[in-house]
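So this first bit is one chain, no partners, the form predicted on its own, shown in structure tokens.
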Amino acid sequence: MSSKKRVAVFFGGISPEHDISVISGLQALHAIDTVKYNPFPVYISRDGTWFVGEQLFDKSCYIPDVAMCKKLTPVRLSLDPKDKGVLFPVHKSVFGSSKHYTVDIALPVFHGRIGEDGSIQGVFETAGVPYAGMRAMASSIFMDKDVTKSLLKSINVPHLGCHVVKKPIEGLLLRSREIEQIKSAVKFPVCIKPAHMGSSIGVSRISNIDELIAVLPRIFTYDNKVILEPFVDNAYELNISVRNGPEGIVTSAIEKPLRHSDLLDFKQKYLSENGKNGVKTASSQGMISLTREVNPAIDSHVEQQIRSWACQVFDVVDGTGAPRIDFIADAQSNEVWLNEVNPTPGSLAFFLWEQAATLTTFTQLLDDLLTEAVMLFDGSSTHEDPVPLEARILKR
């Protein structure tokens, strides 16, 4: 019997960021230390079906077509904690028995809703499965940009204010009353963002109310809430990752994404003119093919603020995992605002740790996150009867 823990790497899912999750998940799958762990992929299709199979190790199999799916095994996770993390095949064999797949540690590598937002984390907690990354509460908070701003306000971390627009109860078009409210409350131009999505999907500059009315129906097909932020003309981005170290919270290198338009959109982040189908998956720089400057020459005070605020936000939610925290800075005034927190960043932002003051390889980063997962799980174990004596009403 092998003593190596079986690590299930979960990716895909029903999020608009499904494809990005596949790329990140495969990168993590192939970077895990196979001397210490037995990693295997669990792919969740766009319709929500969970699959396992050797073919899923090969990036050329994505997205699996109908013929490929017939070679894979659909599975379901037992929610009974006594099973201690078992994936059972959905269909039993003709002989009445079926192979099951043990999950010692789960590594969720989802981006966007239904995965990065605390939902899958809650499933793992219910099933009694140790999992890496941010906990359910923190994931849920940070995957809602509106709620994140409320948290930032409570701890006095600078951020841009916003106006929230919610999807109508019926249909996709705003009512005249809602339009008038926006006109009176919002000064254009603004930056529009889906509240629960990342990867710059749906993000754009809006010059007037007519443009806003035109783009909202499409965004509402992906998200039920958007935020409108003031548009900063001289803005540039600075991103940093943060995690727990042996002696406290540590921060990664800082990256400054370089862009060619007013906003760093989805295609600039994830598509390249050179690679097959435009998608670059180089292991050394993560999946993002945009030109970036790592450890850029920035004002020392700006750098100090970014590192301090990143640690503060991570600490206030009892942070775990290695989220990436994105900031916006004004090139003229050097004013800085925290933009958003990504609980599960693209490529797990490993390239920022490879170029940190203390180098951490992708393999070591994953080992640290998996070790943390086990420690958190062991520290949260309950008594055989979770109900304390003074709260027991029913007979035992």
Partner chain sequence: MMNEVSTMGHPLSYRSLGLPSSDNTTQLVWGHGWMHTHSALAPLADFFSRKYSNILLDFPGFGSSPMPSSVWGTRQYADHVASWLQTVPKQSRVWVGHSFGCRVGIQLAAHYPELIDGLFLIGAAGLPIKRSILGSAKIKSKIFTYKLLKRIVPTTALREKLGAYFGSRDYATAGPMRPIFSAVIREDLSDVAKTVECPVFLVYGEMDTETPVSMGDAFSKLFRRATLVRLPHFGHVDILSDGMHQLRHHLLHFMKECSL
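Residue numbers count along the first chain shown, from 1. Small disclaimer: the values here were computed from a predicted structure and weren't measured.
Below, we turn to the form predicted in complex with its partner chain, even though it does not appear here.
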Would Leu359 count as a contact of its partner chain in the predicted complex, using a 4.5 angstroms cut-off between non-hydrogen atoms? yes
Should Tyr43 be counted as a contact of its partner chain in the predicted complex, where contact means heavy atoms within 4.5 Å? no
I'd like to check something about Glu54: if you look in the predicted complex, is any of its heavy atoms closer than or equal to 4.5 Å to a heavy atom of its partner chain? yes
Within a 4.5 Å heavy atom cut-off, is Thr34 in contact with its partner chain in the predicted complex? yes
Stretch from 43-51, 323-331, 57-65, 337-345 whose residues place a heavy atom within 4.5 Å of its partner chain in the predicted complex: 57-65
Heavy atom contacts to its partner chain in the predicted complex at 4.5 Å, residues of 127-152 in sequence order: none
